[in-house]
Structure formats: structure tokens, C-alpha cells
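Listed next as C-alpha cells is one chain, alone, in the form predicted on its own.
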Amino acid sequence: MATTHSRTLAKLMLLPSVSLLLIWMIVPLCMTLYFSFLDYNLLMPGDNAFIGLMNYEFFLTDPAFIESFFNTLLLVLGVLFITIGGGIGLAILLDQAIWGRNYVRIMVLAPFFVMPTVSALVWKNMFMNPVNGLFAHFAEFIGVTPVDFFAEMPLLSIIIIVSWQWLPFAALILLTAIQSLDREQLEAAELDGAGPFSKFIYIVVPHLSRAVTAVILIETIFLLSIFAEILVTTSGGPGYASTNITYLIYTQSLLQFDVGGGSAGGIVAVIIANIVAIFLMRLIGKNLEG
């Protein structure tokens, strides 16, 4: 009886915060859904005619959407590939007994706490600038023509910037997983004649599978909405070469003043994000059950 009373009291205490959170989420979503059915352009106030699914049809058949969809896919896959591969390497390195290991860990984790806008500006002006950037000076030093990263390889440049931000996160999660590995198992494998490569492939990698799945799930959800790095560096160009779905919605809503079309794009983005999230949740659920 006391347990039931405690649970009821706990639910009542949580009710205000949960209700506020639901209102915070549902109200903007409902307004976006409502505007997506209207011909609502800020340049023509008052002309808010109901047009049904025309905004969705226009958004989904726009060639810019197709290109931005594949850019989003390449951005997510590219960052995941770099952060997971580099994260495993960094985690193994940080797990070694080296002098000043704690200070090295702090330095490695530092990029994750830098704001996306600041990190994008640093990379744009200090590293990838074709005239005054460090990469340009290095290219001139070795006698090679400097590369204009944001003009010649804009999407790859953004992938590098975002990967630099998320690499510490992946390294931290994977380092925690490595430290939970049973050392006696590694010692037993070494006594049986297993070399470093064999131990890594047959012991470390299977042990990291759950941590890798968690990293993929968390990073993917955030990477689908990358915006600041694109705005600060390439503005989605040249053309739509570095435009993802999030930035395409921004251009339609706030640059072209088409709130109806942008709202339809927002609903499409929410649906895509939920499909990806459900797929990844099932994947991580099977992994945890295994």
C-alpha cells in the first residue's frame, strides 16, 4: 500500500515538468504542421490560403531536396566513419600508462566543449583559408598549390570540422568501454600466443560493439541537424554542394520567406529523423540483448 502511494506521489510530482515538456514540444510541432498546409509567405502577409499537400509535393520533388538528402547522408556516414575509427584509436592510446595521461585526456576532450560556430570559424580562418591558413602555408612550404577547401571540396571540409568536434565524444565513450574490459581475458589470450592484432580483433572489437552502437545512435540524431558549421563556412554552396536538409529548410523559411514550404520541409525532416531513430533504437536493442 505504501509502495503504491509512493509511486502515485512520484508521478504527481513529475506531472508539472512532464506536462511543460510536452507543451514545449507539441505546440511548435502542431504550428509547423498547420503552416505546412498553407501558402504562407512573409512577403505576402494575409494571403494564407489553404493548399493542402502542395508544399510537401514541391519540397519532395525539388532537385535541391534530392541533393541535400544525399549530402545529409554523406555527412552523417563520413563523420561516423572518422569518429568511430579515430575514437577507437584514441581510446586505445589514452588507455596506455603514459606520463601525463590525465592532462592528455583533458586536451583530447577539449574540442567537444567548443561551440560549433567558434570551431567552424577557427577551421575556416586559421586552418583552411586558401591564403593565410596553416594548410596553405604548409602547401607553399612543400611547393604545392594551396587548396581552397570550401570551394573545391565543401562537403568534405564540413565533415572534417564536424568530426573534429565529435571525435572526443566517441573517444570518451569507447575509452570507458575499453577500461571495463577484463584484463585477465587479455592476459589469458597473450599466454595462449595471441598477438596484439589478434587480441584487438577477437577480444577488443567484440567488447566495443555495444559502445560503438551507442555512439552511432547518439551522434546520428545530432548529425542530422548540423547547421552552424554550414552557415559559418559555405552557406550551403557552391550551389547546393554542401547543403543538408536542415540548411535547405532554413533557406526556404528565412531566406526565401516561404514559411509554408519550410514548414513542410521541417515535417519531412522530423519524419526522417524519427525513422532513423527507430531503426537505430531497434539496432541497439538487439545488440544489448545479444
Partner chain sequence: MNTNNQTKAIYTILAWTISGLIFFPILWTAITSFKTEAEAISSSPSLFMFEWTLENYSDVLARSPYFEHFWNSIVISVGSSLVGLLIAIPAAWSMAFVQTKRTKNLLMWMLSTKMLPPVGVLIPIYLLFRDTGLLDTKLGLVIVMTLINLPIMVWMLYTYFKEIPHEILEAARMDGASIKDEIFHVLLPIALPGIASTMLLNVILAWNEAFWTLILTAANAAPLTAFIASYSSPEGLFYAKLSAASVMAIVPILILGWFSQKQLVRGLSFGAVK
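Note that the structure is a prediction, hence the values are computed from the model and not measured. Take the two forms, superpose them, and find the largest set of C-alpha atoms that agree within 1.5 Å; that set is the rigid core. Positions refer to the first chain, counted from 1.
Not pictured, yet referred to below: the form predicted together with the partner chain.
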### The single option of Phe37, Tyr240, Phe65, Tyr250 touching the partner chain in the model of the complex, heavy atom within 4.5 Å
Tyr250
### Summary
Answer key, the partner chain contact in the model of the complex at 4.5 Å (heavy atoms) among Met44, Leu254, Ala49, Leu53: the residue is Leu254
### Task
Please check if Gln96 has a heavy atom lying within 4.5 Å of any heavy atom of the partner chain in the model of the complex.
yes
### Message
Given that the partner chain is not shown alongside this chain, does Leu167 nevertheless sit within 4.5 Å of it in the model of the complex, heavy atom to heavy atom?
### Response
yes
### Query
Can Leu60 be called a contact residue for the partner chain in the model of the complex at 4.5 Å between heavy atoms?
no
### Message
I'd like to check something about Gly236: if you look in the model of the complex, is any of its heavy atoms closer than or equal to 4.5 Å to a heavy atom of the partner chain?
### Response
no
### Query
Going by the partner chain in the model of the complex, which residues of 136-151 come within 4.5 Å of it through any heavy atom?
His137
### Query
With the core lined up, does the C-alpha of Ile278 move 2 Å or more between the shown form and the other one?
no
